[in-house]
Structure formats: C-alpha cells, structure tokens
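The data below hold one chain only, encoded as structure tokens and taken in the form predicted on its own.
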C-alpha cells in the first residue's frame, strides 16, 4: 500500500524517533487538549516539560553543554511530529531549540555557551528571536531598531513585531542596526536581551492559530546592555542571520509536512469510515482523487525537505534547495488542509475533529521564514536574474 509517510531512506534510529514522538504526542497532546490550550491561550508548559524529558530541547546543542545533538534530517522528523501535534508546540520549540541554540552554539562566546546552552538543553531556558519590524519583514536588511554605542555596550531603541514566544522567553535574541550609513550587510548585530531587563516591554498579539504560544510586539526603550550581550561580532549580524535562515527554511518545510501529514491522516481515516450512497466515500472518485493528490504532494515535499536537510548535514550550500523545499512543502500543507476540509464536509468545521486547526495553521507557513514570493525571487537570482 502506498504510504506517503514511509521513511524509505530513514535509518532504524530515525524511524524509532518518529514512532516514539508519535506515541508521546498522541498521548500527551491529543486534538482536544491542543484545542483547549489554543482557545484559552494557555502556554503548553506541561507538554514542553515532557518534551524536555525526551531530550528534545538539546537536539542542536553540543554534548559538552548537556545536549543530545542530531543531524538535520532527524531534526526534521522531530519538527514534523511536533507540528503535527500542534503549531503552538512548534512555535514554542523551534525559536529556542534550533534558531537561538544554533546562534549561540556557533557564533556565541564561550561564556554565552556556558551560561545558556546547558539550561536550554535541559528545557529550562526559553528564547525568542526578534527579527521582523512593523516596516521591515521581507526587507530584513532595512530594519530600524538601533543599537547605539554607549561605552563598551549598546543602548537598544526600537520595536520588533511577530516575535513568537517573547512573553514566555527568558532571553530575546534581537537583530539591531549598530552602524548608521553603512552597507546594510555590514551594519547589523545580534544582541541577547533578557525579557525582564528594564526598558523591555512585551505585548501579545491576537492571531488566527497556535494561540497557546503568543506572538508579540517587543518595545525597547533605551535598553542598556553590556558587551557580554553581543552574539558574534559587531556588524556581522547579517551574515549570521543569512546563514541561519537557510536551515530555518528547511525546518519550516518540516513544519509544513507535519500539517500536511496530520490533515491527510484525519482525512484518510474519515474517508475509510464514512459511507454515502452505499460505499465508503474513499471509493467516490472526487474524494479518492483528493486523497491521492494529498499523498502525492506529501511524498514530493518530503523528498525535497530530506534532500535539503542532507545538504545541511554535508555542509553544502543550500540556499536554493531550502527555498524550494519551503515553497513546495508550505503550499502542500495549505492544499492538504483545504482538501481535508472538503473531505470531512460539515465535520471539518467541528473543533473535535482537528481539521479546522490544520486549516488555520497552514497558511502562515507560506508567509514566515521568507514569503514564498520572496523565495521565488531568490530562485530567479540563482537562475541568472540580475537583481
């Protein structure tokens, strides 16, 4: 039987990771529990603690700091299963365990690694990444939040938006402009700012999906930080973020796979159980073809995501590959959720079935991590376009 979930190229260890996580989330994060957490906007602390007990928070942290590092392909399996359970879990997990862990582990100082990584790997430290601004999303190099030199430190002044998990974070990894008038790529710096620092104000935003983990605006009102807060070198932040975003787009593709696979699983089970006109509805061509299309899209997106992850593991450039994987997987996630809604009919609107949640969670995958239109521009450049 054709199975778009089949890990034909996965190792036995990777298959075991998937099976373990699938069992954990179906037990600890069933549809009803995620729906309740989202509807009440209650941070999923207990589930995140259980994930720590499985060692998930340390998957991008070196063993020297208490981590349990795994390759990019295994990380994608972890992300897919987390996102299949609920976007609120992915939104809480990925900024801390992947983006911020990588930033500190690869570019931070010895003191930063020793101070933050053990707590992060143990699941005791939460971080958020503050990149986008009200007037700066796709044009990240045009950000306006300032890091003004003050002695050997910086005064941070400005506003960030779409900073997911900021209100639950202990530290906010913030990209700021540290040199006015310079080429944008030589004017940005990453700074690690405690959420409780005087002058930091975090305001949650209302949103469509994943409500249990808030997405926030963050205001910095003359926040003074010392040199120990600077991650990497002054004015080298653009190079760091571009390096990290290639991997982040692969992980966004894995998130989308989780949504697509979850929608497919619910739709297929329903089509096998539901009967109309004397037969299971999977036997009606209109329904059967939608399921077939879902399976095709998942299989293709998974192959592209695995190929991009393999390039990460081999240390090869993957700007184009990560863009392709993110575009295809995110659009597959949206289409699979749409098909799932159609297959379940009226029941798709019922919270207890879970399909409406995938429908709400899917679309943003085409928007964050670089909109699919911007990523198509990346591909045009790589195909020889001039700008």
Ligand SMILES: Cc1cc2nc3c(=O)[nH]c(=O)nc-3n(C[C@H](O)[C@H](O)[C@H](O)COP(=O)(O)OP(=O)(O)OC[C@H]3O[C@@H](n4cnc5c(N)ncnc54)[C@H](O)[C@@H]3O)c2cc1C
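Residue numbers count along the first chain shown, from 1. Because the structure is a prediction, the values reported are computed rather than measured.
Missing here is the form predicted together with the named molecule; even so, the following discussion is about that form.
- Taking a 4.5 Å heavy atom cutoff to the named molecule in the predicted complex, the contact residue among 178, 297, 96, 164 is 164.
- For the options 232, 123, 137, 158, the one in contact with the named molecule in the predicted complex, meaning a heavy atom within 4.5 Å, is 137.
- In plain terms, the part of the chain that comes close to the named molecule in the predicted complex, with a heavy atom within 4.5 Å, is 128-136 out of 115-123, 312-320, 68-76, 128-136.
- Using a 4.5 angstroms threshold between heavy atoms, residue 20 stays clear of the named molecule in the predicted complex.
- Residue contact check for residue 211: none of its heavy atoms lie within 4.5 Å of the named molecule in the predicted complex.
- When the named molecule is considered in the predicted complex, residue 367 lines it closely, a heavy atom lying within 4.5 Å.
- Among heavy atoms of residue 374, some come within 4.5 Å of the named molecule in the predicted complex.
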